[in-house]
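Here we start with a single chain on its own, the form predicted alone, put down as structure tokens.
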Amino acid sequence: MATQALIDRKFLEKLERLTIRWRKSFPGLVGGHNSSRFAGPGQEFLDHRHFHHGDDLRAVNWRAYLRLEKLFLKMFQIEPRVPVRLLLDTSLSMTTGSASKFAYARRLAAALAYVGLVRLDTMVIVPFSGTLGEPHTCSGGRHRFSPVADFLTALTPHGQTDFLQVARQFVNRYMQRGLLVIVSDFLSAQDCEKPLQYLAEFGHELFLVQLWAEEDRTPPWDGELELLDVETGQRLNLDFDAEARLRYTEEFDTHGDQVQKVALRNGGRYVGIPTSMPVEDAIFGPIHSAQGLR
């Protein structure tokens, strides 16, 4: 099944302990990770999840416990909710590297979507390359995860990244401000910093997740090379040695620093993740440390 191909059940169980976090206050909006999601008048019951240490005992379904001898937490919906959108890079540059950034990005998106589903947040996954693709809305509880996994599995990489066009389309399509998670290698022939700044100035909270293969940051080759840009088709001939490799890595790190600065100066967050790091370690390591999840 598509679900198991992206994330195994053991990983899914670990994800149930997490919550998507945002920092900004959006007027008139509340989020599914507020403590008031558990109980209170005027709330609509939607789902159960496993009980974890630190959860509110008042929300335990004690009838279910008497029957099954297991603790389940009742989950309620509160409206309106903070919009959570995830922009997923599907451009051809995501296919480079011995470990596919595209496959990694889909698994990461699936994990974040599952966290949102368990906590009853509504997340919209929007693939992009030169333009925005068709979105998929994730909502309604963990039992809605299979369609999410099917959607992600069906995506195919194509096209050239155009962050400016994507940013313009995004602010026109999604007028309501919210948390914007962007999963990408941020490698493009065009500038990506100004479009990211544009999204932040429009009022969205940025959470930037930059992925790279080891070859992206530290090319392992030596000698005379002909490099092909998979997105533009342009070719570059160069003589590669240890000194050139060092300069290349420095430029790559500088680019990542610039992407990070866009997020931080606008009150957002940034995480850089090599595809050599298992997705589970990325979720419970750098993403958790950056307070993208709690």
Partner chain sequence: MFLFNLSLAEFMALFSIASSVVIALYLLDRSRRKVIVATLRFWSAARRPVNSPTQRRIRQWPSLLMQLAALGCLLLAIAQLRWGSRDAVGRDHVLILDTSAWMSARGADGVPLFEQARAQALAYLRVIPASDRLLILRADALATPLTSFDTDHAKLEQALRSAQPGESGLDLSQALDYARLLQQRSGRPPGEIIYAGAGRTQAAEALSAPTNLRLLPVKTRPDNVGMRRIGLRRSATDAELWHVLVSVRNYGGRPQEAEVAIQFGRAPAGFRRIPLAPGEEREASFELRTRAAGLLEARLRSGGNGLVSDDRAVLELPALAWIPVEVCSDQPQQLRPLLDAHPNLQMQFRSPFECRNGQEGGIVIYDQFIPSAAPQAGAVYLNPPSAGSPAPVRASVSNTRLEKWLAGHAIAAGMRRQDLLLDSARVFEAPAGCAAVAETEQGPVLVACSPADQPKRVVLGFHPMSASLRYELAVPLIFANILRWMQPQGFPPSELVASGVGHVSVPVSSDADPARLSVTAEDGAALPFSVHNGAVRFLSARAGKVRVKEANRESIHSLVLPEIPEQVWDAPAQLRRGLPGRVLSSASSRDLWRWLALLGGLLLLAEWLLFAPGPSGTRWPGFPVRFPGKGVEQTSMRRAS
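This structure is a prediction, so every number in the text was calculated from the model and none was measured. Numbering follows the first chain given and starts at 1.
Quick note: we don't show the form predicted together with the partner chain, though the next part is all about it.
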Within 4.5 Å of the partner chain in the predicted bound form, do Thr96, Pro220 and Glu224 each have at least one heavy atom?
yes
Do Ala244 and the partner chain come within 4.5 Å of each other in the predicted bound form, heavy atoms counted?
yes
Interface membership of Thr131, the partner chain in the predicted bound form, 4.5 Å heavy atom rule
no
Please run the contact check for Asp229 against the partner chain in the predicted bound form: heavy atoms, 4.5 angstroms, yes or no?
yes
Contact test in the predicted bound form: Gln197 vs the partner chain, heavy atoms, 4.5 Å
no
Contact segment among 198-206, 146-154, 212-220, 117-125, judged by heavy atoms lying within 4.5 Å of the partner chain in the predicted bound form:
212-220
None of Arg58, His255, Lys70, Arg265 but one has a heavy atom within 4.5 Å of the partner chain in the predicted bound form; the exception is His255
Output the sequence-ordered list of residues from 236-255 with at least one heavy atom within 4.5 Å of the partner chain in the predicted bound form.
Leu236, Asn237, Leu238, Asp239, Phe240, Asp241, Ala244, Arg247, Tyr248, Glu251, Phe252, His255
